[in-house]
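Presented as structure tokens, the chain that follows is alone, the form predicted on its own.
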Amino acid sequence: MKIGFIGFGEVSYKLSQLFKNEEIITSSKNRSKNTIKRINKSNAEILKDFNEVAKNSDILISANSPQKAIKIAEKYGNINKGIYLDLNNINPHTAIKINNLTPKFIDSAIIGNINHKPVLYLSGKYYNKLKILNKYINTQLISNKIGDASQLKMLRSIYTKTLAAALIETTDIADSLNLKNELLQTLAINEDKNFIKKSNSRIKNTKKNSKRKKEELEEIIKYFKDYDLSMSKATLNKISKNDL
């Protein structure tokens, strides 16, 4: 089976390692030096351009950016005759548009740490064609409805980003009082054994990627505009501050 990647960032690289027993194909055309290094490290077969990647993929994965998701689908979706996945943080409206542009699209969402047995949640009628991936990654069918996987990812994102903002606010105050370690220890009493490690990782990740998380929250608030999003809006305000 040939699995093609359009875009080869960290997610694509990690997946290529998970799918190591399959034939991985991509292109280095117009890619950055860092991306080319990543491709070479993965041992993926490099084709001359993404048209060739799309034509030859049994599963074609777009992992570029949410802003380019529709453009990529328009350009390569119809060329590909296999299954088309978009692993960007797209909203359900975008997923539906991509479904109309490609013959065999499955809405998808990677949930969890890509390094530690993530779950690939899927919605769409071609789910059975992806069961082969279960030997590498846990796939879960939500429904046959395009958009459900994207909605699930957005809902989860509301929770994780709000939690991160609360952690940052609380630990910043505790740090100013020289009580950060003690605070985390008290919080860990009612959590799992890895709570402190996970909390520090969540804080670090949010601060490092605040711009991207801000954009994702803006998209969430726009999509769920008919719901009470007071916590999400407060989180957006917190993440938008330059002092994160």
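For the two forms, the rigid core is made up of the largest set of C-alpha atoms that agree within 1.5 Å on superposition. Computed from a predicted model, the values in this text were never measured in an experiment. When you see a residue number, it is the position in the sequence shown, counting from 1.
Beyond what is shown, the protein has a form predicted together with a further copy of the same chain; the following relates to that form.
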Subject >> Heavy atom contact within 4.5 Å of a further copy of the same chain in the model of the complex, the stretch among 169-177, 80-88, 125-133, 95-103 >> reply: 169-177
**OP:** May I ask you to state whether Thr235 is within 4.5 Å of a further copy of the same chain in the model of the complex, using heavy atom distances?
**Re:** yes
Original post:
Though only this chain appears here, would Arg202 touch a further copy of the same chain in the model of the complex if you measure heavy atom gaps against 4.5 Å?
Top reply: yes
Original post:
Taking the shortest heavy atom distance, is Leu152 within 4.5 Å of a further copy of the same chain in the model of the complex?
Top reply: yes
Original post:
Does at least one non-hydrogen atom of Lys29 fall within 4.5 angstroms of a further copy of the same chain in the model of the complex?
Top reply: no
**OP:** Decide if the three candidate residues Ile158, Leu183 and Ser230 all line a further copy of the same chain in the model of the complex, where lining means a heavy atom within 4.5 Å.
**Re:** yes
Subject >> Contacting member of Lys68, Lys198, Lys37, Lys55, with respect to a further copy of the same chain in the model of the complex [4.5 Å, heavy atom] >> reply: Lys198
Original post:
Mind listing which residues of 114-129 have a heavy atom within 4.5 Å of a further copy of the same chain in the model of the complex?
Top reply: His116, Val119, Tyr121
**OP:** Take the rigid core as the frame of reference and indicate whether the C-alpha of Asn194 shifts by 2 Å or more between the shown form and the other one.
**Re:** no
